[in-house]
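Encoded as structure tokens, the following chain is the form predicted alone, with no partner shown.
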């Protein structure tokens, strides 16, 4: 097996290859004046099983096209199997229809990748795991929540309260709780399907005097975290942190979250930024080793 270093995740790919003791395939990438992408593999992949490490965080469209071009290049140059390792899978939240006339974007992306040559996919903390069941090739999701929780253990926050922003994300808080060893709970959240606006309540929580870490899969505009932080402050939490796998942090999200009383935002390198303090490399390397031996 070899690792193709997608331009959106070059550093993560290199770290993963080192941990998994795998050879890397460098990629030449450039953007033409009209915005089109150019991709070329710089070493041979003939008869190799290759893993393309390429996140598809914003701008999603160009990074998904790069991923498709990489898969096509690998197959055209003799790769025996192509596994796409996509830490953040763009369009994964568009996994069902709500209104008449809509399509299902993530299924369209999956079919496109399949046509380009992808034989299997590995992602991390996809928003709705059920979406993977409709992919035209084997697809699985890994969880980076234990890695994020371990970061806080090392920071001295063992026994911190693990909070999920809503009941549906309680499994995330429970994964963190298993590492932190403290309590866990969730807020109640409702979202307007048309406007996307959310409202939250914190009935039944007992966080007075506690260190609380809000865990989520994605932080996008930050509204959910801001609302949660305000509730936690009202209820007397001593310290508030937030951790997510995919720190999109659109617009002024980071400032709004910190202004709401959150001490630190911790994300992974699924979306590379200055808050990406936890690397997914150990998680991905382990999965690729298992796939290689299997």
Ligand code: R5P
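Please read these numbers as outputs of a predicted model, since none were measured by experiment. Residue numbers count along the first chain shown, from 1.
There is another form of the same protein, the form predicted together with ribose-5-phosphate; it is not shown, and what comes next is about it.
The contact with ribose-5-phosphate in the predicted bound form, taken as any heavy atom within 4.5 Å, belongs to 221 out of 77, 94, 221, 114. This chain lacks the partner; the member of 166, 107, 183, 72 within 4.5 angstroms of ribose-5-phosphate in the predicted bound form by a non-hydrogen atom is 166.
The stretch in contact with ribose-5-phosphate in the predicted bound form, judged by heavy atoms within 4.5 Å, is 210 to 218, chosen from 210 to 218, 77 to 85, 174 to 182, 155 to 163.
The partner is not shown here, but in the predicted bound form the stretch 122 to 139 reaches within 4.5 angstroms of ribose-5-phosphate through a heavy atom at 127 alone.
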